[in-house]
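One chain comes next, on its own, written as structure tokens: the form predicted on its own.
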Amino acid sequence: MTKELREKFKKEAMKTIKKSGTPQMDVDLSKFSAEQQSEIEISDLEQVDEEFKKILLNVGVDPQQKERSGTYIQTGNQVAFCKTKSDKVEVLPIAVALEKYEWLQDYYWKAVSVDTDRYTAETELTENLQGYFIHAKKGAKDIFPLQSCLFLDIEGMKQIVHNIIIAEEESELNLITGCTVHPNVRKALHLGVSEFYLKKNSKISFTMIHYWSDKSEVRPRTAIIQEEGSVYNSNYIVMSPVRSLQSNPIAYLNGDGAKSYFQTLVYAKQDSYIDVGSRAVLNGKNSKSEMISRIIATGKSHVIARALIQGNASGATGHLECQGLVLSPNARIHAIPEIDATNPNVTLTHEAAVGKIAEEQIMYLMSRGLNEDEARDLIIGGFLEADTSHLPKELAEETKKLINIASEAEG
């Protein structure tokens, strides 16, 4: 990246860094440190100790790399492991990629703006740029997913990540990403910027697992730019306690016939404050977006479930669906579905429902031999059942397995 361009971004970030967020979601960045260095070094992923192996498996990263095209692991703010097994896809640390490919600067801060908020600004102002670059070559269609893990292992750590993912024309990418902390880490901050670029007739299927601690603060910022005929599938899964999490990715379906699908599964526990959602801007003719949310709130948790589809082009269609279960008198779910039509030839629909587990369902299952706790667990499991029909078979099976692991997280 040229010095002039980096200076331009830093100036924009400096103007933005003092912006504050909403009162509930504001984080004092000075209370976390990005200077601490992780002591984890991985030369052979299969030889990691049992504790770290379990951490990786909890977020879908297979240390044996079976049926995987490549692996990226970042511990704190350093790259611990990066390897590609396929010649169809390239995986590099973002800093290395920006040095290697001059053309990559044309994608840097283009989908997500550096001045979006103080968290994107902080990401740009870090001196130690980390994150991954994933590039699927034209026509590449490797069925096996790439895997990545963003891991915090030091108390009070501030992890800063900037990812860029590009799927060239006619290519297909399957991604599994896990974000997590060491079991002994309670307080941590994760700032993550991810920019996705889908070229003509490309496809990205992306499963994200969040497995945090009860005092973690999490601020992902994600945007997707889609060209003609491209397809973006997202599965976002949060089933462990977290102090606060705010994520609201946006997809710009600029090409005719582009499609996006967002599925969000949240099992909020303890006093978690979670503000999640997805947005789609339908700029291409006959573009389509669907958003499905399944939310469970327990303990004193508070979940805001957002969804927005804006239809700007003729023939665009969109549907939002949010279903919520409140399982505690002190829990809260706030669903905010929005549809915005700026063209008379669009079709946009939405539905939302929040309630409790029906007593007749529990009584029916108990009549079939289950006790009350078993009946509730079965109903919750069914409620959080993911729709994986839009995914490739290999990723669909892996996603279902990961949801089962995440749902059993303590908290």
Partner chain sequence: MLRIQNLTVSVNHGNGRKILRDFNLNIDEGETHVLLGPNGSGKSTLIYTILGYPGYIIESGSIFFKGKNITNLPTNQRVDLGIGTLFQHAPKVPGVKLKNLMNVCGEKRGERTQKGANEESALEDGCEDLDEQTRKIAKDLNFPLEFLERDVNVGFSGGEIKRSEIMQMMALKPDLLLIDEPDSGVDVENLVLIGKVLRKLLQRDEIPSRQTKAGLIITHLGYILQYLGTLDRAHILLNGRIICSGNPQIIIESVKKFGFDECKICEANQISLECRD
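In this text, rigid core is short for the largest set of C-alphas that superpose within 1.5 Å between two forms. Computed from a predicted structure; not experimentally measured. Residue numbers count along the first chain shown, from 1.
Omitted here: the form predicted in complex with its partner chain. The next part is about that form.
Engineer: Does at least one non-hydrogen atom of residue 323 fall within 4.5 angstroms of its partner chain in the model of the complex?
Structural biologist: Contact check for residue 323: yes, within 4.5 Å of its partner chain in the model of the complex.
Engineer: With a 4.5 Å heavy atom cut-off, would you call residue 344 a contact of its partner chain in the model of the complex?
Structural biologist: Residue-level check for residue 344: no, no contact with its partner chain.
Engineer: Does residue 300 reach its partner chain in the model of the complex, with heavy atoms at most 4.5 Å apart?
Structural biologist: Residue-level check for residue 300: no, no contact with its partner chain.
Engineer: At the 4.5 Å heavy atom threshold, is residue 366 in contact with its partner chain in the model of the complex?
Structural biologist: Flag for residue 366 set to yes.
Engineer: Work out which of the listed stretches, 26-34, 60-68, 42-50, 367-375, brings a heavy atom within 4.5 angstroms of its partner chain in the model of the complex.
Structural biologist: In the other structure, the partner sits against 367-375.
Engineer: Do heavy atoms from each of 294, 361 and 385 fall within 4.5 Å of its partner chain in the model of the complex?
Structural biologist: All of them do, each having a heavy atom within 4.5 Å of the partner.
Engineer: Of the options 56, 379, 348, 352, which one has a non-hydrogen atom that comes within 4.5 Å of its partner chain in the model of the complex?
Structural biologist: Selected option: 379.
Engineer: Just checking, between the shown form and the other one and with the core aligned, does residue 373 shift 2 Å or more at the CA?
Structural biologist: Comparing forms between the shown form and the other one, the residue 373 CA shifts at least 2 Å.
Engineer: How does the C-alpha distance between residue 358 and residue 337 change in the model of the complex compared with the present structure, closer or farther, given a change of 3 angstroms or more?
Structural biologist: It is closer: the C-alpha separation of residue 358 and residue 337 falls by at least 3 Å in the model of the complex.
Engineer: Hey, the CA atoms of residue 352 and residue 358 end up closer or farther in the model of the complex than in the shown form, with the change being 3 Å or more?
Structural biologist: Distance between the C-alphas of residue 352 and residue 358: shorter in the model of the complex, by 3 Å or more.
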